[in-house]
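Okay, so here's just one chain, in structure tokens, the form predicted on its own.
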């Protein structure tokens, strides 16, 4: 009877919890507009779906045992039926734990990482837009070597990142100060994070790191603050303000923006 009560309550709790998570996911305020971020989001949803009943099993087991088998009085006599080992329970628990861990290693970990790594193969990156991203205290600097642009800014003179929708972008990430001469490895660690893309990458002094993204929708920081570049690694007193606006535009709008930036750089250089 104890097993029946425990099992029924556990099933009911699991169903309610899964329904609640699905409801939250369907009505979440999280904004995601990249292929790679969608892969990570699906992985998170899969993990929470599988782990929710396991988590509730452990919690409900502790609560049920505390309620069902607590001593009702200080003078209670030991139960005539006692055991210190349960081979069946131990076998099932260890086997289940191994199966779950192997499952998680295969999916989503290995399966999703294979998708992300495959997108980075040179054979699939022949027409990428390359954006050099330089992190300095406390500023993001964007340059487009294919278009001979060394620093792109908006009308207010603020560093601005603009990329076309549905085109793979290769971000080359470096941490150093291009405006001062010093040891290139003497900078600090930053973290390149665009909330709307669902991914982030640490930017390490002395290293060049890469991140590949395909944006799925046009968007702008000026209509949604999650469409921005934000430092996600504490890098000094200016860290909270180390951000830059991002625009995701159509291919035609991107070409027009590139021409405008090239004109600006020509005017500045002359």
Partner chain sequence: MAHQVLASPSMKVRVMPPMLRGFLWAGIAFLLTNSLVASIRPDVGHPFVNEVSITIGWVAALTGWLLGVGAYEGVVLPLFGVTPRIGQATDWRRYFAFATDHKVVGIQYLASSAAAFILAGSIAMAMRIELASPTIYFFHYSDQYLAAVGVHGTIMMFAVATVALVGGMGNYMVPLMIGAKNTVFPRLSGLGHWLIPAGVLTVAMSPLLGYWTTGWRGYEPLGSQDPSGIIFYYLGVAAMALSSTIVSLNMVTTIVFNRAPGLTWPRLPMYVWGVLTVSILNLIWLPEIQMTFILELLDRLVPLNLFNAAGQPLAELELFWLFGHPEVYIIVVPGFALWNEIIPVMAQKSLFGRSWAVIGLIFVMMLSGMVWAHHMFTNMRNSEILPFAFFTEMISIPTGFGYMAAIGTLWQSRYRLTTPGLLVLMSMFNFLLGGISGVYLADPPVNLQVHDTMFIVAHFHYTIIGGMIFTWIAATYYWLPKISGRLYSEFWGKFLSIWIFIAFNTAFSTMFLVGLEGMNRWVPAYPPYLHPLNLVISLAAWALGTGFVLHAVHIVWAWRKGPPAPDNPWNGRTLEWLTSSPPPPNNFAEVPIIDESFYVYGDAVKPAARNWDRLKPS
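Definition used throughout: the rigid core is the maximal C-alpha set that superposes within 1.5 Å between two forms. Every value quoted in this text rests on a predicted model; they were computed, and no experiment measured them. Residue numbers count along the first chain shown, from 1.
Another form, the form predicted together with the partner chain, is not on view; read the next lines as being about it.
Heavy atom of each of 13, 178 and 223 within 4.5 Å of the partner chain in the predicted complex: No, none of 13, 178 and 223 comes within 4.5 Å of the partner chain in the predicted complex.
Interface membership of residue 137, the partner chain in the predicted complex, 4.5 Å heavy atom rule: Contact with the partner chain, yes.
Contact label in the predicted complex: residue 219 to the partner chain, heavy atom within 4.5 Å: Judged by the heavy-atom cut-off of 4.5 Å, residue 219 is well away from the partner chain in the predicted complex.
Any non-hydrogen atom of residue 204 within 4.5 angstroms of the partner chain in the predicted complex: Looking in the predicted complex, residue contacts with the partner chain include residue 204, since a heavy atom lies within 4.5 Å.
Close approach of residue 35 to the partner chain in the predicted complex, 4.5 Å, heavy atom: Residue 35: no, not in contact with the partner chain in the predicted complex.
Partner-proximal stretch of 142-150, 164-172, 188-196, 128-136 relative to the partner chain in the predicted complex, 4.5 angstroms, heavy atom: Of the stretches listed, the one contacting the partner is 188-196.
Partner contacts for 89-113, taking the partner chain in the predicted complex and a 4.5 Å heavy atom cut-off: The stretch touches the partner through 89, 90, 93, 94, 97, 98, 101, 102, 104, 105, 108, 109, 110, 112, 113.
Displaced residue check between the shown form and the other one: residue 64, CA, 2 Å or over, core reference: It does, since the residue 64 C-alpha is displaced 2 Å or more between the shown form and the other one after the core fit.
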